[in-house]
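Take a look at this one chain, the form predicted alone, written out in structure tokens.
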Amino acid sequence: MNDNKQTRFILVVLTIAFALLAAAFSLDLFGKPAPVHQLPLVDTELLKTETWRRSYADLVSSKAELDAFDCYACHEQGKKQVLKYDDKQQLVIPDEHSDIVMGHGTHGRNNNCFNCHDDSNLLQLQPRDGRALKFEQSTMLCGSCHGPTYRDWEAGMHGRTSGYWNRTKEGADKGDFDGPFKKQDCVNCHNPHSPKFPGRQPAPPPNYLREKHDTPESAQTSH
């Protein structure tokens, strides 16, 4: 009998305790947790993987509009082109090409169309060694002057290579890769008339999984 009374007493006490806890939680007597701040979303521009420019070769492969490269739609074919300069020997850009900004180097000596374009055949490029190159071979034209950079590009140390990373020497010798890859042309990143690469907004650092509160320790380690 005593055991039954003791059991009933314990159950009553537990019931009252749980009821009091439930009331305390419902009345929020223990205080509210610190508000969780909404993490800012990453700018979608930083998530894009395509290059900021498209080369002529890319346009051809995607069957894009190529009217802008049809020089002889306006120029007379077979007629040698002549450049005009002002009294300060600065190249005069025709109104038809007013969108072109000449800035190839800081000294201005490269601001000459026919350093790269063939004045006798506007559909060709002409490197310093006398070869005739097509527009889609523009990287070879760049390499004719920028030799060290071109060698770095060939080795994959300059520019950007897209595709699969796992490419062993044995697989490369056989032409057997784990997946396709592509070396971007110089003009995918550099405007050939003004090659200086434009600045870009850096991507933000990663967010913490849990909200980080400012403490003396975190302030010292956050720099």
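Note that this is a predicted model, so its numbers are computed, not measured. Numbering starts at 1 and follows the sequence shown.
The discussion below concerns the form predicted in complex with heme C, not included here.
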Partner proximity in the predicted complex: Arg131 to heme C, non-hydrogen atom cutoff 4.5 Å: no
4.5 angstroms heavy atom contact with heme C in the predicted complex for Phe181: no
Considering only heavy atoms, tell me if Leu27 and heme C come within 4.5 Å of each other in the predicted complex. no
Quick check on Gln81: any heavy atom within 4.5 Å of heme C in the predicted complex? yes
So which bits of 34 to 65 sit within 4.5 Å of heme C in the predicted complex, heavy atoms only? Arg53, Arg54, Ser55, Tyr56
